[in-house]
Ligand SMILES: Nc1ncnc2c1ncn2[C@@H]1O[C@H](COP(=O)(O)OP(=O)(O)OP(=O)(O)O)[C@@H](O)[C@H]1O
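Here's a solo chain for you in C-alpha cells, the form predicted on its own.
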C-alpha cells in the first residue's frame, strides 16, 4: 500500500543504462539527464567499506587522476553489471535526481539491456533497480528501444534492421511485429575503438595515452573511410622509453588504421545478421535500409563505409546518442506496447 502511495508522487522513468553513458527519460518531462556511467568511491577509515563521492560528470573528471584512497569506477562493463553495489548507488542517484533528491519515491522504471544478456545478468539489473527504489521494473532490449526511438513502426509486419553501436556492445537486430526476429551482439563498441587508438599510439610512437585522450581524438579526427581532406591533432601522453611527458601530432589516416579492427568486427556482425534474416524481411530491408543508432555510429564516414560494404541504404537517426532512451520513454506512454516488447 505504501508503495502505491509513493508511486502516486513519482514520475515513471526510462533508463538507458549504458557502458559509457546513462540517459534518463522522465514521463511527462522528456530527457532529464545524460551523464557518464562513472562513480567515484573513497575507502572509509577503519575498514567500514566504501563511500560514494561523485557520480556522472564529476566522477569522470577524476578518471586517471585519483590518489590511492579514491577509485573512479565504471560499474557497467560491456553492457552488463560488473559491480552490483556501485550500480545500485548510481541508479539511486539518478532516480533521486529525477525527483529533486526526494527519497520517498517509488517510480516504475523501464531499463534497456543488450539482447545478449543472460538470465543471471537480467536478474542483477532488476534487483539493482528495485534496491535503488523502483516500484516495478521492466527490461526491454536496446535494439527494440532504438528502433522505437528512431521512429520505426516496430508493430508492423515489415522488416526493420537496426545497428546500435554503444560504448561496450554493438547490437544488430531485425525487428518485425513487435519482436526481434534475428539478432547478434558483440562486445565491441566505443570502448574498443578507444583501446585500438591507445594500442596504435603505443606501437607507433612508444607513448602511453589515457582513455579520455583516446576518446577525444576519436571524436575529433577519427574516421572509418579514407578521406581526401587531412585533419590533424596534438596528442599528449607519457613517453614509454624515458618516462617523461610527450606530445605527438596524429592525423585522421592514422586514426582510421587504429580503428580498423573494431570497425571490421561491426561490419562482419551486420553481414552475419543479414545472412540469417528470412527472405521476406530481407526484401523489406533492401527497400527500407539499415538504421544506425548509438553514440558509436557518430564516427565520421561509418555510414559511407557500411553503404559500400552492404550495398544497402544506410540511415542515421536524428539523434543517435539518445535514440534508445527516447524509445524507452515512448514505451512508457504506451502500456500495451510496453507489455508487448518487455522481456519476460
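What you are looking at is a predicted structure, and each value in this text was computed from that prediction instead of being measured. Positions refer to the first chain, counted from 1.
The form predicted together with this ligand is left out here; the points below concern that form.
Against this ligand in the model of the complex, the set 16, 20 and 295 is in full contact: each member has a heavy atom within 4.5 Å. For the candidate set 253, 215, 85, 239, a heavy atom within 4.5 Å of this ligand in the model of the complex is found for exactly one residue, namely 215. For the options 159, 79, 262, 107, the residue carrying a heavy atom within 4.5 angstroms of this ligand in the model of the complex is 79.
In the model of the complex, this ligand sits beyond 4.5 Å of every heavy atom of residue 73. For the chain shown alone, residue 299 is a contact residue for this ligand in the model of the complex, at least one non-hydrogen atom being within 4.5 angstroms. Contact annotation: residue 177 falls outside 4.5 Å of this ligand in the model of the complex, judged by heavy atom distances. A residue is said to contact a partner when one of its heavy atoms sits within 4.5 Å of a partner heavy atom; residue 142 meets this definition for this ligand in the model of the complex.
Picking from 129-137, 159-167, 201-209, 229-237 the stretch near this ligand in the model of the complex, with a 4.5 Å limit on heavy atoms, gives 159-167. Along 250-283, a non-hydrogen atom within 4.5 Å of this ligand in the model of the complex is carried by no residue at all.
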